[in-house]
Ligand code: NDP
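The chain below stands alone, shown as structure tokens; this is the form predicted on its own.
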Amino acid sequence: MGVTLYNEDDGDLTVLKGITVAICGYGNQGRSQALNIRDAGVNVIIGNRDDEYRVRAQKDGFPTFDISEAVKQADALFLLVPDEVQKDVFTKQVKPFLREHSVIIFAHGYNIAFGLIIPPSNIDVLLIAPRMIGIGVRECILNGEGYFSFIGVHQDASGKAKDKLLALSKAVGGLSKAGIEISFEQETILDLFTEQGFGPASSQIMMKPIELLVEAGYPEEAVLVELILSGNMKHSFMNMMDLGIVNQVGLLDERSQYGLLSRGMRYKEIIEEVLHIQKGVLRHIEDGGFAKEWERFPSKVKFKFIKFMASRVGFGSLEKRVRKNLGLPEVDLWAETPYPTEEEIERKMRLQRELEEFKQYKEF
């Protein structure tokens, strides 16, 4: 299947001359995108309810408004509120105030792909979906690394949607590595499959060997450090990203390579079983079954119960106990993530330059 890739040269920022971009939702993703777009020389305003996120936007020097007022003033609108409230926000605070040939940009295709939001036919509807966490969208531009994005045109009412897509993608940093053109449906299915097909299989493959080794009498602290907490797996994944899944094996010593390659064949039948499950997961996503399941109220109740139990029984309790014994800090997932200072960015870049020298050596 062919694909179209876009880079920085494909985006023309003069297309955005004289327009106002509204960022609706000033969380980490919204803040990062707003700062990047402003740095590109585009006029940016923020639409957000009156809370701590609006205060943060004001401290960052942005004009701030209620979402409906921001929509009235905007020529292009990034709708970056969470998917769970997006339909309600769009229906009540966005749709009534959209002008003909306005542009609305989504960072995730879910609500459009499954028909939960149906935009008016007289506006442009674009997808700019960074493949990067919120803070990374800003940090990767500041440190020059760049990031990949999925981009696409869902609806072209103005006849100029593609030009706007490429210009806005460039402004937000989405062409800094490459903008990969796909549909809202494809982006959504890829995202959901990563969450439901790849993620669960990977986590089970990590958790079960830990339980096996603990049951075999090895200290649980030593097991978690060896397999997870040492950070060795993190470096392996970074090497996969930099060199490729196959090529990164060459960084290991020959004994490690032999063990990895020779024993890998023993898992062939099991992997076929996993693949069979994953095919079912993919079909359930593609035919809209998961979206229907998630939108029903009982699924929300089921989710809360599963989430509550996950950290209190089985592997969750083991991991919690080990982290406490090792003196590792508890992480508040709801705490505001600070953005790196210029000094931190420069220090990180110096460290990266030094670490590049190690890539010529094998790991022993």
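Numbers for residues come from their place in the sequence shown, where the first is 1. Quantities reported herein were computed from a predicted structural model and do not represent experimental measurements.
Unshown form predicted in complex with the named molecule; subsequent notes refer to it.
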Stretch in contact in the predicted complex with the named molecule, which is absent here, among 142-150, 116-124, 244-252, 74-82 (heavy atoms within 4.5 Å): 74-82
Contact test, all of 28, 48 and 108, partner the named molecule in the predicted complex, heavy atom 4.5 Å: yes
Please tell me which of 291, 89, 98, 178 lies within 4.5 Å of the named molecule in the predicted complex, judged by heavy atoms. 89
Go through 62, 315, 53, 65 and name the one with a heavy atom inside 4.5 Å of the named molecule in the predicted complex. 53
When the contact criterion is heavy atoms within 4.5 Å, does residue 132 count as touching the named molecule in the predicted complex? yes
